[in-house]
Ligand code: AMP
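The chain below stands alone and is given in structure tokens; this is the form predicted alone.
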């Protein structure tokens, strides 16, 4: 297929306007590139839900705090383009930071409550950067539907809230986590792991599996379940646990006791060596 690469926001806006004028629908998959099967599953979902699939590739500087891995974040546009050709993508939007923000950029998008906990408390500038870039992409591309991965569950919840509160009129589709054969959640940052760290990183998914086992046994005390998860995470020396938490799936409010019929996320963030990884599971008690 003839995949089109657009770098200019003005050109991207004009293209999207022409697609809408033709009565066709647009599906957007926002990414930071270095694509893996998790990203590609989002692309295939966009193909199902819309007439035209647009993938943005933009390593967004405003969601990285000082000292985080902005400069070293993996990038390989040639590889990404080939993967997107194979998965029937229509357009790659590939702008430069100066074209998105400009030298006099002064505006940011803030949400309250849900951005102050978990990832928000650990990375206090992160979600402002995420909501700002996503709102910019929404304004430029004007999609009918945008597809995000469940692996970044809190981010997806924040974006859903922003989209609703600001009346974007865009359907937000959350696609399940894609895992390696051994259970590790796919992430562009997995490339940072050494061979031994790659093995150690399985404690994240193993701890979640243990939690799911306990939940199937109808243990409803989150503190008890988390204690079991901690034992697994701390069984490898390279781990440095950030948090484990049970939260309501919609509000992300922390819970200590699970109620039958309610839906929850089990969330974990942990460094393996120098690499910070996140994982989760969406469960109904």
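Because the structure is a prediction, the values reported are computed rather than measured. Residue numbers count along the first chain shown, from 1.
Absent from the display: the form predicted together with this ligand. The rest refers to it.
- Within this chain, residue 73 lines the site of this ligand in the model of the complex, having a heavy atom no more than 4.5 Å away.
- Contact annotation for residue 82: none of its heavy atoms lies within 4.5 Å of this ligand in the model of the complex.
- This ligand in the model of the complex is approached by residue 36, whose closest heavy atom lies within 4.5 angstroms of it.
- At least one heavy atom of residue 31 is located within 4.5 Å of this ligand in the model of the complex.
- Highlighted residues 149, 176 and 186: every one comes within 4.5 Å of this ligand in the model of the complex, counting any heavy atom.
- Comment: 178-186 is the region of 178-186, 82-90, 195-203, 103-111 lying near this ligand in the model of the complex, near meaning a non-hydrogen atom within 4.5 Å.
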